[in-house]
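The form predicted on its own is given below as one chain in structure tokens.
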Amino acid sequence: MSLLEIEGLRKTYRAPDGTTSTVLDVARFELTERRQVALEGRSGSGKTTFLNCIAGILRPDAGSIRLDGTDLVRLSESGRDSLRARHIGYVFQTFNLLQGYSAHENVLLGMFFGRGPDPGHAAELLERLGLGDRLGYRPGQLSIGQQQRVAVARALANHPRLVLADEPTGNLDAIHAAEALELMRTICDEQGAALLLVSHDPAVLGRFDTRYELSELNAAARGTEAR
């Protein structure tokens, strides 16, 4: 059964000089429940923009994005925020952790907008990600890799239907990247969540049976128009 269905998605940006650039032009993309897939593309190709549109952070210029039958594009900003909190977990490339709060508190704060805070579950996730002895540490007291793992725990804390991950291992060495990725995929599988991960790292992409190239999705849309 399809969890995510995208049709005719287009996003264009206007430069300071008035020229426009189409970053996304995706005819169709579909992700079924519990499926785990990777999306690859060069830096600046629009991968983050694609995820932000799916998450309802950005509104596309055209098209539909249906999550479990609900079109995010037709929702108000508050409606998109509510749906994202309840059904989408997002591992941001820049972490977006709150610097004044501990690792445990950062995960708990994310839970306030979903099912409600569960200190035990938050601590369990952090422990599984190797941070059991860092619950009270603030982001500035953690390494970059540890901050990344806090971000992963926060994304998974609300038992989302869909997890979006933007270069989630980009700041980890090869060994820790492989461990963190495997844990994230295992927890997604346990919780029944689908995973859409974007990366340009061949080692990460090679761990997925199903991979898409964003430029090919965009090309498919242009080819449809040509016909």
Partner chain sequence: MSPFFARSRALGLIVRRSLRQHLLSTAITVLSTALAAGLVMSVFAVHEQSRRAFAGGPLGFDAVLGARGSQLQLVLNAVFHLETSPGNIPWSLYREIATDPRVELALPYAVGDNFQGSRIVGTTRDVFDKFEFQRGQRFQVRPGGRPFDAGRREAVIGSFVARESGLELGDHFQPAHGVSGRPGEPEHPEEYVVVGILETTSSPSDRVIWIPIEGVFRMGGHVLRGSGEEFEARAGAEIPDEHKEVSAVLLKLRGSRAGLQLANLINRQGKEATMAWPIARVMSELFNKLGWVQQVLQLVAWLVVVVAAGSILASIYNTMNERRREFAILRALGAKRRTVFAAIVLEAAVIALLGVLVGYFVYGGILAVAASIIRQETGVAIDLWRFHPVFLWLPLLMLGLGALAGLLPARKAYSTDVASNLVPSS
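Being a predicted model, the structure only gives us computed values, none of them experimental. Numbering follows the first chain given and starts at 1.
One more form of this protein exists, namely the form predicted together with the partner chain; it is left out here, but the text below deals with it.
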Proximity to the partner chain in the model of the complex (heavy atom, within 4.5 Å), stretch among 93-101, 142-150, 67-75, 126-134: 93-101
Assert contact residue (the partner chain, in the model of the complex, non-hydrogen atom within 4.5 Å, options Leu58, Leu31, Ala27, Leu183) equals Leu58
Residue-level question: is Gly46 within 4.5 Å of the partner chain in the model of the complex, judged on heavy atoms? yes
The partner chain contact at Asn171 in the model of the complex, heavy atom, 4.5 Å: no
Closest heavy atom of Asn52 to the partner chain in the model of the complex, within 4.5 Å or not? yes
Taking 4.5 angstroms as the cut-off for heavy atoms, does Arg138 touch the partner chain in the model of the complex? yes
If you check in the model of the complex, do Leu164, Arg207 and Thr210 all have a non-hydrogen atom within 4.5 Å of the partner chain? no
Within 4.5 Å of the partner chain in the model of the complex: residues from 58-88 (heavy atom criterion): Leu58, Glu77, Ser78, Asp81, Ser82, Arg84, Ala85
